[in-house]
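Let's start with one chain on its own, the form predicted on its own, as structure tokens.
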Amino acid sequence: MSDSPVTLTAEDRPDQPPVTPELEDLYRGFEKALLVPLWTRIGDLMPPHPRSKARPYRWEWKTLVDLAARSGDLVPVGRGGERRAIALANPSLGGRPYATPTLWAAIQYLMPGENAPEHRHTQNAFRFVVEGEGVWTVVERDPVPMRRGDFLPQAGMNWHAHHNAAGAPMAWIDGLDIPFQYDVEGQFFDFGRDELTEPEHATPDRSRAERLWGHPGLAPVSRLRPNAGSPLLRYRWEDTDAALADQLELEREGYPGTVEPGHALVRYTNPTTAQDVLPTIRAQFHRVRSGTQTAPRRETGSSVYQVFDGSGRVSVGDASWSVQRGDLFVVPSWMPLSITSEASASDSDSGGLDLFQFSDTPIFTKLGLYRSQVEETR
């Protein structure tokens, strides 16, 4: 009995060598020497197109919030309960807390008056708020307000903490590149202070970062140098909403602006580079006009979507779901995604289906592995 982790089976198939006692003996030699001949594995290692280990899956927001609220009563937010973040676990990734093979997504829940202790890590991160307000994230001692629709990026190795200054709990989603950094074995993590100072408990309407960088098309010359992650720590919903509305209005007037009929799309960018807002994460926001169905689209790399407003139907590969505010769903690599908006004035402030998206596209782009394909519809 061999204790080798390599197991080879001689198979009588057209693309394999004839099965003989000599071949069996050769394979036992390979196993003992920890060798794997490519002809036995090429179909797995080099398929004709990506075959993701992840499954399309949807998580309902109402379930996530209910479980997070119960955790708020039972789990301390301090060390050991670090952040009270509850991660989405894709059902085909072996129970790992991974939404996709490269992306982490979690709901985080902070009770009134609580502080989430300071830490930092190499993982790039962001926060996106689907509902509520009253929490300030404190990045490098700069308090940043978090409100509905705001997108808050946080590049790796910045000290950060949170405090809830409101009289009610607040939940939001975190996105990080934890699975990617874990698998390439490049991650670092440091604990910071347990307590915030009095100035860090402030509740300014605008952070210092926003006062410097939050002016469209204008950059502070004193800080004008490329940054790997965006120095703007809060992208306000008011600006995102206006940009999406203007695209659809231009389309109605007969001018270009949308990516396809009835589909407005904006990308959050780093004002120092005009590139993606984080080195490993692309963040975008979609608005699909009611009654519109988007063309099926495939791309290498994976995405996580959260419904911000409205309702509709989403198809990912062979899976299909009805979605509403707060629901999250996963689009694995090279699986076609199509979205049908069923939004109305009763469930959407904009009247359309609004979706926040984050993906690992920057990794694939930098490695020269990014591809996309839009299927023709009739």
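The structure presented is a predicted model; accordingly, all values stated were derived computationally and were not measured. Numbers follow the displayed sequence, beginning with 1. Take the two forms, superpose them, and find the largest set of C-alpha atoms that agree within 1.5 Å; that set is the rigid core.
As for the form predicted in complex with another copy of the chain, it is not shown, yet the points below apply to it.
K.L.:
With the partner absent here, would N115, V130 and W172 each sit within 4.5 Å of another copy of the chain in the predicted complex, counting heavy atoms only?
P.N.:
No, the candidate spot makes no contact with another copy of the chain.
K.L.:
Using heavy atoms only and a 4.5 Å cut-off, determine which of G291, P91, P261, G192 is in contact with another copy of the chain in the predicted complex.
P.N.:
Residue within 4.5 Å of the partner: P91.
K.L.:
Taking 4.5 angstroms as the heavy atom distance cut-off, pick the stretch from 242-250, 162-170, 303-311, 130-138 that is near another copy of the chain in the predicted complex.
P.N.:
Of the options given, it is 242-250.
K.L.:
Could you tell me if T203 has a non-hydrogen atom within 4.5 Å of another copy of the chain in the predicted complex?
P.N.:
T203 lies outside the contact set for another copy of the chain.
K.L.:
Would L337 count as a contact of another copy of the chain in the predicted complex, using a 4.5 angstroms cut-off between non-hydrogen atoms?
P.N.:
No - in the predicted complex, heavy atoms of L337 and another copy of the chain never come within 4.5 Å of each other.
K.L.:
Does another copy of the chain get within 4.5 angstroms of any non-hydrogen atom of P101 in the predicted complex?
P.N.:
P101 belongs to the contact set for another copy of the chain.
K.L.:
Hey, in the predicted complex, does Q154 get a heavy atom within 4.5 angstroms of another copy of the chain?
P.N.:
Residue-level check for Q154: no, no contact with another copy of the chain.
K.L.:
Scan 9-23 and note down the residues that get a heavy atom within 4.5 Å of another copy of the chain in the predicted complex; none is a fine answer too.
P.N.:
Sequence-ordered list: P17, E22, L23.
K.L.:
Core aligned, does the CA of T365 move at least 2 Å between this form and the one not shown?
P.N.:
The answer is no, as the C-alpha of T365 shifts between this form and the one not shown by less than 2 Å after core alignment.
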